[in-house]
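Single chain ahead, by itself, as structure tokens, in the form predicted on its own.
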Amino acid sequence: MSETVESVSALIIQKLLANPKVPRDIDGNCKIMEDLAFDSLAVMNFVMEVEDTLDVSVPLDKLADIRTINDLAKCIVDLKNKG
């Protein structure tokens, strides 16, 4: 199956909404740290959860460029397409 940025973003949002502390009105443009109030440890834990679900590994140097949910989705899709 070939994932799109939209489908991966939707999956990420679905995972985020499972957490009762996350705002209900999130979309792909939400900034993970600012809008969702995630600290760096929470971001790392969440990315690991997404990696496990999608069977992909996001290199640490790529995490520095990820600000929004869509950034994370695009990074994952790019990694899966290269692999």
Partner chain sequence: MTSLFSKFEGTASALGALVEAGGRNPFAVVIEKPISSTVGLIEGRETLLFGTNNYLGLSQSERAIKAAQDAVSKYGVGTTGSRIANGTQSLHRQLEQRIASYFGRRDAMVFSTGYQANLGMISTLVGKDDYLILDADSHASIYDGSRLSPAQVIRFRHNDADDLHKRLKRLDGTPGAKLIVVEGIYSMTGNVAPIAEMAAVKRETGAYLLVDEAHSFGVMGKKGLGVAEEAGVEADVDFVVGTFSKSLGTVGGYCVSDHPELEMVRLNCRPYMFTASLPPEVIAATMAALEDLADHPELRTQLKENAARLHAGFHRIGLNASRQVSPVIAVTLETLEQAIPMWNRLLDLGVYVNLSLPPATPDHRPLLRCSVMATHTAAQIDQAIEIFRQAGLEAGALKETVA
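Note that this is a predicted model, so its numbers are computed, not measured. Numbering follows the first chain given and starts at 1.
Just so it is clear, the following notes concern the form predicted together with its partner chain, a form of the same protein that is not shown.
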Though only this chain appears here, would E34 touch its partner chain in the predicted complex if you measure heavy atom gaps against 4.5 Å?
no
Does I26 make contact with its partner chain in the predicted complex, using a 4.5 Å heavy atom cut-off?
no
So, R67 and its partner chain: in the predicted complex, are they within 4.5 Å at any heavy atom pair?
no
Heavy atoms within 4.5 Å of its partner chain in the predicted complex: does L17 have any?
no
Need the contact residues for 47 to 65: heavy atom within 4.5 Å of its partner chain in the predicted complex, sequence order, or none if there are none.
M48, E49, E51, D52, D55, V56, S57, V58, P59, L60, D61, K62
